[in-house]
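Here you get one chain, nothing else, as structure tokens; it is the form predicted alone.
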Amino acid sequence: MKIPSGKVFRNDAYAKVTGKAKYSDDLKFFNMAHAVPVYSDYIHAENLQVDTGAAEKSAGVLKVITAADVPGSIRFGQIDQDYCMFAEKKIMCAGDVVALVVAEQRSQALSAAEKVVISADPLPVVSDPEAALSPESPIVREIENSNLMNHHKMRRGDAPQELKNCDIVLQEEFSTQFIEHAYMEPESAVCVPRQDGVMEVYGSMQHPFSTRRFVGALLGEPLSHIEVYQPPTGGGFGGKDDTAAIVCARAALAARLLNRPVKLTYTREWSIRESYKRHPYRLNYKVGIEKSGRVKAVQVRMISDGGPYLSVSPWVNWRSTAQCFGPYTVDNVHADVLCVATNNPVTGAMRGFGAPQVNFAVEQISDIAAERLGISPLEYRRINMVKQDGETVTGQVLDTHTVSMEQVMDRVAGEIAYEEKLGRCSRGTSEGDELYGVGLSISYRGSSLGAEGMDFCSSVINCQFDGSILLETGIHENGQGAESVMLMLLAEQLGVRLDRIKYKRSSTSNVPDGGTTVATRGTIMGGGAVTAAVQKLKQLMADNLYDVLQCRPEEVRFADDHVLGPDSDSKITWDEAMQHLFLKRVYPYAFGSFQAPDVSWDEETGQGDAYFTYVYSCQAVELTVNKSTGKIKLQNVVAAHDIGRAVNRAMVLGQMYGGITQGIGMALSEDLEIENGKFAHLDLNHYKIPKARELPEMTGIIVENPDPQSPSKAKGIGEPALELIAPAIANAVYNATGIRYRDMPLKVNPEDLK
């Protein structure tokens, strides 16, 4: 893995590598109590009864909290208010919490939790999403009286009719599995009641403002009564929004009822049991192709398993709809994307957000189609991929930025010598035990939230008398290095030393809600807000320092830790500039906001400008398959991503390698075994994330086409890095074995190779 030369900066690196960083579970407060959750053995049940008598009499127990103790709303959610923070009358899945035991010591709470007696009347478990759509299926979501959570559509042209006229029609089915986020740090929250009535919340979360809303709902209190702080977070990957917010809300309720600090830290088992997962998908494609290689029509039906609560499933499935045929232009598309309620684990946001499942299918179809046509997989992609000023399947014209799909594909294909190595693939035959294959996939990803949400963010720059600077943004640090990027952008645009700037600790009372730090939106939205604030600050300073520099305001410049006039003789140091401003009683303070460019969407047709810009990506892999064991061994990965502009090249590559690693786990080893709603295992011994020794050599190629619609010219890399290595591996396995595997995780049966 190659690390670039040049500036490498991470503002939290020293604290984290030395162990000085204080995560949520490291926090301690005077008179702090400890809470633990209580689960039931039921998967789906009604007439829930919770007997807390014996637990309440246990040593050290302060209170056993159930739904009856909730002063506010038991149900809440980001879209529908259906997510049960305490089970009230029914059990909907294995992760439902029926009680919270609070004691002086954690060991006492754990001991007492075993004495809570739970009884209920079992109901039929709904575990198959296809069967759940049947009229005969029991209803899981009684509040809607339907198991259909959402249905997104795309209707472009006349796909059913055009399919009849195609030279080749492919019909392919694929499936993906439940994926656990497996972040290093399980959920943890510490809540402290303040004397002024405000509840301070410290937690391992991805979005403090979302957490504040969950806490406010459960407590039945206004948002101004809750201040949420974000200590360092040990990973999230999309998984610490709803669930982490609910953990914080439960701890806050305990703190409010007892009027003392309460800590609630999860074990790995509790985390796996309760946290939401990546949606498993079943994907059915019918693709019509002309002899020229042009895709003429696509008909697709996808079903995703939403579990019993809506969470953000409509947003995840919407992205699957908007990008239902990957980075290709097709005039006729008929797509239905359905999310179905079951009693399986809750599913929600995870890195990739509905794109990895689609890409797994579409990019294998690309190779299948190329083989049927008798052309190179690169040529098929070249014929059909989105191009400059062309239209996407949603009818969006790509004329506002550089469309670099072919550029990134050619970079990867050249680096890995794809065409030459494709001719050397084993296709099931080799003299030795190892079968060799190479595979490739491409993708484009809509940046930020797009038409699925409101996209805006803010930033505050507060310069001090001594020349130091405080920075805040509505983007939150989840371990990805967002703070470092914001600091680097500010230093660069303001022309000051990086060591002048300190990122202020995040709090929901300091800066306005900037939306969730998800959807690869941190750099593009936060960076846009920083850029807007810098522009305001520069104007303010120019309007008040031009006389000192003996020039016009429009001639004032900022560079090399100085404020300058039109020539090098007219300048003052940054420190002097701050002193002049304070003597003039002018605050060197700026608030800036960035609103994403307008997007559009028609729910009935699935047409519109879904995103304001896109990240273009390609990844390729070389691997071997052992004929005797079926073991897949990755040898080499090459990835190229056009991320607009790289602010911190080392972190861009780090995101690439991390995303590829997660994608490898999804492709080859990770699988939550769920049977009738029950987990087979709740640990990372059985759930196999990739080991370091299993990872191949990786080469990252940063392609930069600065984006005109991004104030900082940057886009992002967080999710694109993960979403296309799985189909590349699947294509490589086919080229090695001659057998097409359509289900994740990919498992090669050695009997098939004989």
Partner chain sequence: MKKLPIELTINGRAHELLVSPKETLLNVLRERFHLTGAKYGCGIGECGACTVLLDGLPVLSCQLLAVMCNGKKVVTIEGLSPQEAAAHPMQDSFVEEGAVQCGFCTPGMVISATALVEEKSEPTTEDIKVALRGNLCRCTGYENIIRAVKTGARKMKEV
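Numbering follows the first chain given and starts at 1. The structure displayed is predicted, hence computed values, not measured ones.
Not on display, but discussed next: the form predicted together with its partner chain.
- Contact with its partner chain in the model of the complex, judged by any heavy atom within 4.5 Å, is made by just one of A45, M698, V50, V36: M698.
- Checked against its partner chain in the model of the complex, the candidates A182, I469, A590, A103 yield a single residue with a heavy atom inside 4.5 Å, and that residue is A182.
- Note that among 328-336, 497-505, 149-157, 676-684, the stretch whose heavy atoms approach its partner chain to within 4.5 Å in the model of the complex is 676-684.
- Contact between W318 and its partner chain in the model of the complex is not found at the 4.5 Å heavy atom cutoff.
- When contacts are judged by a 4.5 Å heavy atom cut-off, G235 counts as touching its partner chain in the model of the complex.
- Taking non-hydrogen atoms only, I632 never approaches its partner chain to within 4.5 angstroms in the model of the complex.
- In the model of the complex, I689 approaches its partner chain with a heavy atom inside 4.5 Å.
- Of the residues in 18-37, those that come within 4.5 Å of its partner chain in the model of the complex through at least one heavy atom are, in sequence order, T18, G19, A21, K22, Y23, D25, D26, K28.
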